[in-house]
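Next comes just one chain, in structure tokens: the form predicted on its own.
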Amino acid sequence: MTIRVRFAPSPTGRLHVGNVRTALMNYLFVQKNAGTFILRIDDTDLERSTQAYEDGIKEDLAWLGMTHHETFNQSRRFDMYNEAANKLRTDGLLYACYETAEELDRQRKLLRVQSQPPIYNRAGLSLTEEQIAAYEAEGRKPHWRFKLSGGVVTWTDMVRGKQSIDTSSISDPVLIRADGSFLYTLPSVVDDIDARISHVIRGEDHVTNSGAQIEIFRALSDHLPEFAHTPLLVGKDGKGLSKRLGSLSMQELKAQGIEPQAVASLLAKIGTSDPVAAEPDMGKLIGGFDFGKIGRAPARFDEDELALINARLLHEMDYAQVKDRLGAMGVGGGEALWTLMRTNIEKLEDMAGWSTMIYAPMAGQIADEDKEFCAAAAKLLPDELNEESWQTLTGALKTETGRKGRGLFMPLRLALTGRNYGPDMGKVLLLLGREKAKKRLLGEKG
């Protein structure tokens, strides 16, 4: 089988962690199987869809490293959808309904009061020509429903196993609104047939939709893809993410300094039997992808875990991987500074602070009770600094002042760096140089 999958976002907003996880599942699966990854832009909602959002989606996917092989827009394929709709009408599977939204709502409420499932009563199938003419005379326009078989639709889901939907328990789905616009269902099936999509990989909120769509597939073609419905994302508290998706968009995460591979590393593994780890590239994620590893419970997305993975990735990055970005940020110091400081950052932008600490003139932070101690340190600085100078200096200070432990090291770190944490002070001292270090130990700008 030729593997062909599609990711189908609507250009009505930027990508967020929820739909990126769906994109990632498609991408990892198709890369592992040397298939074709298709980006389908679901822009049939012409009022809400914008070119800016479409461009943003493509920008987000490129940032994440998920390159598509083919792409197309649904808004340019209305002729195909109309042709499919006409076939369904001819076959008696697409029928006109004239109820208003208010009438349908009252019908559902009445059924609930009667303890019956709120399923459409198929009144549209029994309309006479006179009734239709009367509705038309009122100015009503029909919406169009697909006539389900009323039987049981079964398939073997790659995540959920054997699935069955009793179509007598759901309403005939509306495929075309009264204004003539298409809902998601019919265009999606038509496109999957035309593009020969082999596997439909999406969230489990589409499981019931799949029951109806399988019948539409069978009504239009002999092509039927396999399905995989993955659990939805929730926050670390187990609650849905819907109210926070704006803050979890790729645009926002990028602005916060999150690395794209941190996003991929987390989303690829949460909700699976594999441990979450900071993977430096897509290769290992692709090699380890398996639908059999995906559990049935909701996948918990934890922003604190994302931050931790982000830091771990940066700690392992070579200078060549960040050189250009550091240059664009105005961070100097070259490879020596990066190698020394990378394990002390959580985001790349943190390097700016460490660069300033080393290279910008600043006065040391010295408490009154430590001024004599730091002045003594300035006098004891070796004339030529080397990798042993820090040990030499602290050893001499310990002998002369009797200080040890934090009382010995912390005043020196604060005087030289202005921080109470950081990297190996022996290497910091070398980067500072003797004259700058001496000034800071004396409380002067250096």
Ligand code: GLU
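Throughout, we count residues from 1 along the sequence that is shown. All of these numbers come straight from a predicted model, not from anything done at the bench.
Just so it is clear, the following notes concern the form predicted together with glutamic acid (GLU), a form of the same protein that is not shown.
A.B. asks: Given that glutamic acid (GLU) is left out here, which of Arg145, Arg342, Arg202, Lys269 has a heavy atom within 4.5 Å of it in the model of the complex?
C.D. replies: Only one listed residue qualifies here, and that residue is Arg202.
A.B. asks: So which stretch, 124-132, 183-191, 93-101, 76-84, is the one near glutamic acid (GLU) in the model of the complex (non-hydrogen atoms, 4.5 Å)?
C.D. replies: Contact-bearing stretch, as computed: 183-191.
A.B. asks: Is there a non-hydrogen atom of Ala8 within 4.5 angstroms of a non-hydrogen atom of glutamic acid (GLU) in the model of the complex?
C.D. replies: Residue-level check for Ala8: yes, a contact with glutamic acid (GLU).
A.B. asks: Should Asp45 be classed as touching glutamic acid (GLU) in the model of the complex when contacts are defined as heavy atoms within 4.5 Å?
C.D. replies: No, no contact at 4.5 Å.
A.B. asks: Answer for His206 alone: is it within 4.5 Å of glutamic acid (GLU) in the model of the complex, judged on heavy atom distances?
C.D. replies: Contact check for His206: yes, within 4.5 Å of glutamic acid (GLU) in the model of the complex.
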